[in-house]
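Below you will find one chain, with nothing else, as structure tokens; this is the form predicted alone, and questions on how it binds or moves follow later.
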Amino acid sequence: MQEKSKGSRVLIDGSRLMIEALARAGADAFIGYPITPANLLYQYGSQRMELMLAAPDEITTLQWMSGLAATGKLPVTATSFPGFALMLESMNMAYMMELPMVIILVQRLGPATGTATCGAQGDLLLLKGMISGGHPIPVLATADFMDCWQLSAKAAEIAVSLRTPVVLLTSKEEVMTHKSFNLDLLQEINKVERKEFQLDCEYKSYKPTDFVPDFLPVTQKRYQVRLNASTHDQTGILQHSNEESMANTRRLEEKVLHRMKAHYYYTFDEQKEASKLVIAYGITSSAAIDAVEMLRGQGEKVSLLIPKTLIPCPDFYRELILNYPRVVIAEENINHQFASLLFGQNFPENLAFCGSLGKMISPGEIMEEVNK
């Protein structure tokens, strides 16, 4: 992507903004297997990253990413549901080994291979339960081109600072649609600082400092580095269920829940005295913005929440929902996945839903549900 200059308005897509932002934040390897609708990310990643490896399948993709992460690289891949499903075992491995990486998940209509050229928002509950034991992996969701830039950089920062895989959730329309965009609006991105262990004592691969162990690449020669995908103690030695190894496994969850509090991203457009709240994430937020604007033009008092940190889910979202007499959640599925993420199946009585299957949600559909 060209350097910014005054008045630099270009025709661009979200895929290019994501890859460029990740590269500037320090991502230095793209590993991938082509899959619709993530192919532009594959193309741009192969052009922009210092290292690109074309994997023979998605299982190999995550294995190679794990190996590169162990050497100090920050690898990136992009896929959609069928490919992501094949990555889940290795995702659990990388999570347990505490290896930083970014996975861009471009949602499309399922189940199975579904319709590869049709967008959807159907993978959220899969992301909630993808780690055995129900442990959380950070999930950020882009809502516009600014998010493609800013949240991609944040994903890289979180992956490194928490030593964990991070999922950047998006959808077909967000990464494939070309729009006129002013590059002058983009903020500078600084490369993520990677701190390594430097003390003159024994190195323990999983001894935490503020929930997160200091990192050392396996390629350095001063210290022994043990990485282990099975239950292990602080030194990385396999253990069954002793106190130290169980504490280490509990820490994997605690570090995300604790450290992600600094990465709760959302847009809350509050209208005073509003009794109604519209919630939408990802591509559906564009329709929600238009719907709220038109409702306000008709004299309705309506607030708008666009959640961008989806996992772990901030308590603020639940508290906000319970403060409004009527809340409409709009998302491209028919089983209320975001509400289920927040409340399980015990939905508050003030919740209503605007869903779809196989098509985008229009502002008119959201307005109609709000006005019921």
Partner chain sequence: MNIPFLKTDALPFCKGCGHDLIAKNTTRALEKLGFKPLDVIIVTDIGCHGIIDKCLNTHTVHGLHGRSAALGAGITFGVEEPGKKVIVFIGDGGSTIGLQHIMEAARLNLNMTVVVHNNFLYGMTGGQTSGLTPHGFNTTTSFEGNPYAGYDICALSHTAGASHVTRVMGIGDISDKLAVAFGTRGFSLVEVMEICPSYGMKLNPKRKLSEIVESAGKEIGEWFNQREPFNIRQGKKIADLLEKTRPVEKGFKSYLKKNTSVILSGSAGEGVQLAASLLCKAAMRSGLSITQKGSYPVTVGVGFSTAEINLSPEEIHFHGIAVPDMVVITSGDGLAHNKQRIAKMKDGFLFIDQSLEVPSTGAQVIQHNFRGIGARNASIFSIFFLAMKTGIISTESILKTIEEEGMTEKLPVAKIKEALVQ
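Positions refer to the first chain, counted from 1. Bear in mind the structure is a predicted one, so any value in this text is a computation, not a measurement.
In what follows, reference is made to the form predicted in complex with the partner chain, a form of this protein that is not presented.
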| For the spot marked by Ser66, Arg222 and Ile283, is every residue within 4.5 Å of the partner chain in the model of the complex through some heavy atom? | yes
| said: Just to confirm, with a 4.5 Å cut-off on non-hydrogen atoms, which of Asp269, Glu300, Glu173, Asp214 contacts the partner chain in the model of the complex? | reply: Glu173
| field | Contact residue in the model of the complex, from Val192, Leu125, Ile131, Leu227 (heavy atom within 4.5 Å of the partner chain) | value | Leu227
| field | Close approach of Leu357 to the partner chain in the model of the complex, 4.5 Å, heavy atom | value | no
| query | Does any heavy atom of Ile289 come within 4.5 Å of a heavy atom of the partner chain in the model of the complex? | reply | yes
| message | Using a 4.5 angstroms cut-off on non-hydrogen atoms, would Ser46 count as touching the partner chain in the model of the complex? | response | yes
| field | Any non-hydrogen atom of His178 within 4.5 angstroms of the partner chain in the model of the complex | value | yes
| query | Just one stretch in 338-346, 308-316, 57-65, 321-329 has heavy atoms within 4.5 Å of the partner chain in the model of the complex, so which one is it? | reply | 57-65
